[in-house]
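Here you get one chain, nothing else, as structure tokens; it is the form predicted alone.
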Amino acid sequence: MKIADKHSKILQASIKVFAQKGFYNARISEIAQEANVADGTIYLYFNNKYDILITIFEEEIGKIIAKVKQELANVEDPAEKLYKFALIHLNIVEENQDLAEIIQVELRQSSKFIKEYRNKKFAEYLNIISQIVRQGQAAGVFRQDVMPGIFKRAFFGALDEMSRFWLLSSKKKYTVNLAARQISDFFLQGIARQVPGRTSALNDDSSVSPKLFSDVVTV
């Protein structure tokens, strides 16, 4: 078996074992058995379980980033692009539940991961959202006072919570398409009924200057 094939086979086996057993309870021997390789072979490619976990995250998130960028490249409308991002994200969760389980649950339970790993891939993923916001602001279809740095975390947080709900719930009440459309619409339009003469709390705040907003939207 080629080196690349063994590497990939071990990672796929690890995803399955981590999802089933949990990262802390999983053993190298179980990963080796699932991958149909000797225990010692694992250590030819990875230093330990933590190294495997990091590699899974970096490689799989890298694939997801490439997929999202490719699919968004042909979408011009920023609002539709935001919906498309949500749809792709939720589809990935539904189609790759073992991987989603690791990203949603196992990584967050690893204090070592949280403290020591500089999560550049995740930052790159979130920045796709902020880029959509900036594109919409440049086109004049999104409000200029929206701060991309805040928006990207809030929007991802909504998708993240829906993903967690699906992983932990035995029954799915919503389709992927409905959830993606609703979440993107909430952020694009808000949920408050429009009342003539009413302005938003943000726009009515005289303590915040327009210049501050123009400075912040570049963050």
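For the two forms, the rigid core is made up of the largest set of C-alpha atoms that agree within 1.5 Å on superposition. Nothing here was measured: the structure is a model prediction, and the numbers come from that model. A residue's number is simply how far along the shown sequence it sits, counting from 1.
Omitted here: the form predicted together with the DNA. The next part is about that form.
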(Q) Considering non-hydrogen atoms and a 4.5 Å limit, which listed residue (169, 189, 48, 70) is close to the DNA in the predicted complex? (A) 48
Q) Considering 56, 162, 183, 26, which brings a non-hydrogen atom within 4.5 Å of the DNA in the predicted complex? A) 26
Q.
Just checking whether residue 38 would be counted as a contact of the DNA in the predicted complex - the rule being heavy atoms within 4.5 angstroms.
A. yes
**Q.** 4.5 angstroms heavy atom contact with the DNA in the predicted complex for residue 44
**A.** yes
(Q) Heavy atoms within 4.5 Å of the DNA in the predicted complex: which stretch in 59-67, 148-156, 30-38, 173-181 meets that? (A) 30-38
(Q) At a 2 Å cut-off on C-alpha positions, does residue 49 qualify as shifted between this form and the one not shown after fitting the rigid core? (A) yes
